[in-house]
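The chain below stands alone and is given as structure tokens, in the form predicted on its own.
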Amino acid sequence: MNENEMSRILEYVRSLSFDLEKLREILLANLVLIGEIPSPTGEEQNRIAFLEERWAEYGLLDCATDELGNGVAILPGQKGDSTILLVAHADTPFALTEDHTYSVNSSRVFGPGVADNSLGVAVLSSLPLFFEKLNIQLQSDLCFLVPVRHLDQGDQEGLKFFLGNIKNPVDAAIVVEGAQLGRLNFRSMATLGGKITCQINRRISQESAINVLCHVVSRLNKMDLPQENHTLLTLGAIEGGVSYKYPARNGELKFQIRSNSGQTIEKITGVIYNILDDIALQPGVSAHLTPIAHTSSGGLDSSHPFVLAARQIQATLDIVPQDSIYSPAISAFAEYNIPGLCIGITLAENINYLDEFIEIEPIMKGVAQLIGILMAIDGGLRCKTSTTG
């Protein structure tokens, strides 16, 4: 795409967020309807069913679920000789038993999972209607995918299944997350998310599982993490026991290691197994590592045309960039050599807590950003009312 075409896209996007404001209530209505459907990892079927109905209402083709339960639909392009994949994961980290009632005031929407990722899903449910109202027609086919089993122990299973079984090639992908506006992720670090469980045989040992796990934490913190690979250890959660009066018979430690180097992850994993082997030498004490999630390193360079275009669009909309270019959301695309970006739609706080909320005012700027990036990847500004072909 030449500079003149990009300039036309930027000029169009500059006023697009204002044009989208008249459609905001449609998006918010879809957001509440979607968000109030509980969708914990592995139990997303009701949310997917709602999406299929909504997409069918808007005239998308091939609205269906695949063998794993992913929601899929196609918005045909004028030519259809290439495919852009648009992704927003269906699951949230909240159980069916939690209260999923959403509340909306003049500036915010409150509800569990509203930012991660009910808003992203709501954008995918609303975008076909927005295209119709704004007379936008892409040359490329737009494939809508709402994958299941994405978060934590889901390990992006739905997305990986789709990419591994799709019949037609995908030329580019955009991952839509509810927050934060300003994120532009295009690379993935290698990561290992793990769970270390400890069990004590009370007939043999009076040791506390919590004490054993604290020993594990101490040794993990003493590991030499290579800074040149930006290697980082995060200790996420530790729990165990039933009372202050008795030694814990079992416990659990959750952690994540990330690095630019997959080899570094493999080496550290070996060190962890050595630590656990040492613990197993104690009579009546056992400890085991269970991988929860993993990602591979890779993605686009900062000089890639998609990255440069996305940054220009964000700058045009006065979107303040977030710091990191890395996200696990890019990992699956890197594995399949698909150029991928991950963006956020609005600002949010208390993400993954029950008092999670998003800001309403920036939402349409976030949607304008998405539409602009789609146009840039598609190769130009093509509205049905324009004089372009």
Partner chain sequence: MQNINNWLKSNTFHHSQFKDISRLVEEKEKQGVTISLCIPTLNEEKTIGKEVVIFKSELMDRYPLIDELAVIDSGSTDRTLEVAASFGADVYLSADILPEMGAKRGKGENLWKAIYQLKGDIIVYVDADIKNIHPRFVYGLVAPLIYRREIKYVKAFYDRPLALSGQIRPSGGGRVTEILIRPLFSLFFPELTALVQPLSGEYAARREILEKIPFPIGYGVETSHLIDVYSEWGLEALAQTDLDRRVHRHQATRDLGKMAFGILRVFFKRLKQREIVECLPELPTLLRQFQAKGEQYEQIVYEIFEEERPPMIEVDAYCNQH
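Keep in mind the model is a prediction, meaning the values are calculated, not measured. Numbering follows the first chain given and starts at 1.
Beyond the structure shown, there is the form predicted together with the partner chain, which is absent from this document and is the topic of what follows.
- D99 is the sole member of D277, D152, E228, D99 with a non-hydrogen atom within 4.5 Å of the partner chain in the predicted bound form.
- Interface residue among V32, I325, A334, C63 relative to the partner chain in the predicted bound form, by the heavy atom within 4.5 Å criterion: V32.
- Three-residue candidate spot E266, H294 and N352; no residue lies within 4.5 angstroms of the partner chain in the predicted bound form by any non-hydrogen atom.
- Note on the interface: of 336-344, 23-31, 65-73, 39-47, the segment with non-hydrogen atoms within 4.5 angstroms of the partner chain in the predicted bound form is 23-31.
- Although the partner is absent from this view, E57 contacts the partner chain in the predicted bound form, with a non-hydrogen atom inside 4.5 angstroms.
- Residue contact check for I210: none of its heavy atoms lie within 4.5 Å of the partner chain in the predicted bound form.
- At the 4.5 Å threshold, heavy atoms of S303 stay clear of the partner chain in the predicted bound form, well away from it.
- Contact check for S243: no non-hydrogen atom falls within 4.5 Å of the partner chain in the predicted bound form.
- Contact annotation for 89-127: residues with any non-hydrogen atom within 4.5 angstroms of the partner chain in the predicted bound form are D99, T101, Y102, S103, V104, N105, S106, listed in sequence order.
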